[in-house]
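Alright, two takes on the same chain below, each alone as structure tokens: structure 1 and structure 2.
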Structure 1
């Protein structure tokens, strides 16, 4: 993906120092731990403040996918990919439909994992197991996508001297050490730093394109002459795909397990409110710059097909380097932020996976009497093992970034009704949600395997439609289910 960049030694030195400083952050986060509870390790003691929460939510949503996948897709499909801007704002709109109630419940019930809410609201063993399986598949997919990009970047940074596999191993080691030391505190603090660096990089990149690379007006004028077909509005099937993308990403990304845990980790409802408000504004800048870069690249670097289009950001960086010291500084900043973003996104997912294993598998099924610290250790061991396997797999797969990005949403989307409908419709039973989840997963997986998009709808969106339809039908048609005693069915 990323060809060798002619970086100066001081640039490489900065990137190296930055990466190792993450270890210091991990060490500092460890010193701030209050106790050995799962809540302290996996949720940072539920004390996350406004800026850290907003930037860690930002970093969770925008990673290697945002820079490489989004620019690549903008290059491939043109202006119809503007739908991603609406999608990223829709993510925050989605949060607002369940996060306020979920946050309140999490405080009262001391939730740690997304499954804790499911178990509380829908006390069904079958549903709980299925949700854990789905979340695990999604999180593994998420980590895998980040690892693939990490390897390519290290290979590019070193001019091919360091093999992608060894690059991934080195970065994964740094990532595991700092996240093991401080849990969510480390991850959120590193997220906040890289999120701020990435935003600064976007500002500077927009300035440099205007100042040193011919300007935005000239770039878009050239685009209109060279590739007018990429400027066409979506019509027919493409228009439905636009709508389907907003649903797929808007609803799917709002129930990322690691994002749900950040809702739990907020210091107060007011902190969460303000963070979400900030999150609604950030796409207007971050996504617009990324899309604009992908669009102007259509005319600047013609002829890239398929997964080769994911190289667009690397090509832009190469041109930025040629503009002088400021360009060099921006590329250095962006590369550091991108690497940190990939690592923090991967370790957020890994931390979520670890927490699910510790609380929803290890304590529930393997050692019900295990202490919190024993559960945390079990989760950490799982994280190390899973990461080792995924590093190996990352060298085998050959999917484009966007395909990896979509695949996880197909599954994640089917969990959404348990949150959206479960929070807002108090009489929904576990049975309805379970039947809907089965119908949704079947539709989405069959559709994805067939590789088809009937009427322009993604398989995940079709699955969600089937899911909701079955939930509603079973709720009204089937006789009332026997309520489970003593838990949250029928809440709030």
Structure 2
């Protein structure tokens, strides 16, 4: 995709220096650690400030390959892909429905992982095990997706001189070192840097298109003449799919395990609320520019079909390089941010997986008397082992796990009722949530396996409907469940 970019040696040098500077961030984050507790390592001591929290939440929602994927999809389907902008805003709306209450509860009960909330609110071993399994599958697939893209980008940037395998290994080692040194501090600080770089790159791209590439008005005028159908709003089945996409991504992404942990890590309730307010604005800078580039590319690079449309962003970067030093600087900045975003997305998911193993598996089932430092080491060893396996899998040409990536939001969507409904309706029992989760997962997985989308609805959206229906029905129809001894099943 990017082997044709005529990058200057100084550009590649900048990318290399930036990547290795992440190690310095990890070392500095290590020096700021206060103790060896799980809360300090996995939540940064619960002291995350406004700007870091806002940018790390932003980076959590936008993986590096989204820049290429969003632009390519906008090229393929046109106006209809504006649903992704609504989805990103829906993520913030979703946060507002449960995040402030969840934050206050996490402060009282010292939650570290998403499962800590589940165990406290719905004390059921079966539900806890199922949630841990679902979150682990989601996180493993998420890391694997980022590694696969990392290898291709490094190979492309080097003009084929660096094999994808060694590119993945090198970036994974850098990622593991800084995240192991500083925990969430390292991850959040690198998130904040790459998020700021990507936002700056988007703004500069918008300026260059207006100044050096004919302007936005002329580009959309040409699009209206060349492909007017791409500017039409969706109707019928397409409109239903638009709505389903907003639900699938908006609700699913709001319960990312790594996003839940960032809610726990906020310095204060006010910091969290201000960060969410900022998150509502950031998509206007990021997604709008990316989508607009995809729309403009329809007329500028006609004839790209299927997966070839994913080359659109690379073609735009090639044209940006031709505009002069500023275009070259912007492309260099964006490529650095993309690689950092891939690493930040992967290390966020890996850190969340490590915390789930350390707290919800190792301490709960293997060594109940283990100290926090021992649990942290166990989580780190698991992260190293899982990453090694995933590096090997990511290098396979025939990646048999690829279709599992599609399951990410389908599965996350089924966990959402435990947070959305559990926080706001204190009388819900663990039995209702467990039955709903089983019904939702069954519906989503069966629909995904069959590749069906009845009426244009995603299997995960149908699963969520079945999930909520079963939760409500079991709550009102079945006899009340007895609360667990000493715990209760409502919020305090």
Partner chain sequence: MSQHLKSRGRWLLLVLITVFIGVPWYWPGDRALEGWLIPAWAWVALGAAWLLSMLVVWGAMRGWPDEDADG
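Rigid core (definition): largest C-alpha set, two forms, superposition within 1.5 Å. Positions refer to the first chain, counted from 1. Remember, predicted model here, so these are calculated numbers, not experimental data.
- The form predicted in complex with its partner chain corresponds to structure 1; structure 2 is the other form.
- After superposition on the rigid core, the Cα atom of residue 377 is displaced by less than 2 Å between the two structures.
- The rigid-core alignment places the CA of residue 177 less than 2 Å apart between the two structures.
- Once the rigid core is used as the reference frame, the Cα position of residue 299 differs between the two structures by 2 Å or more.
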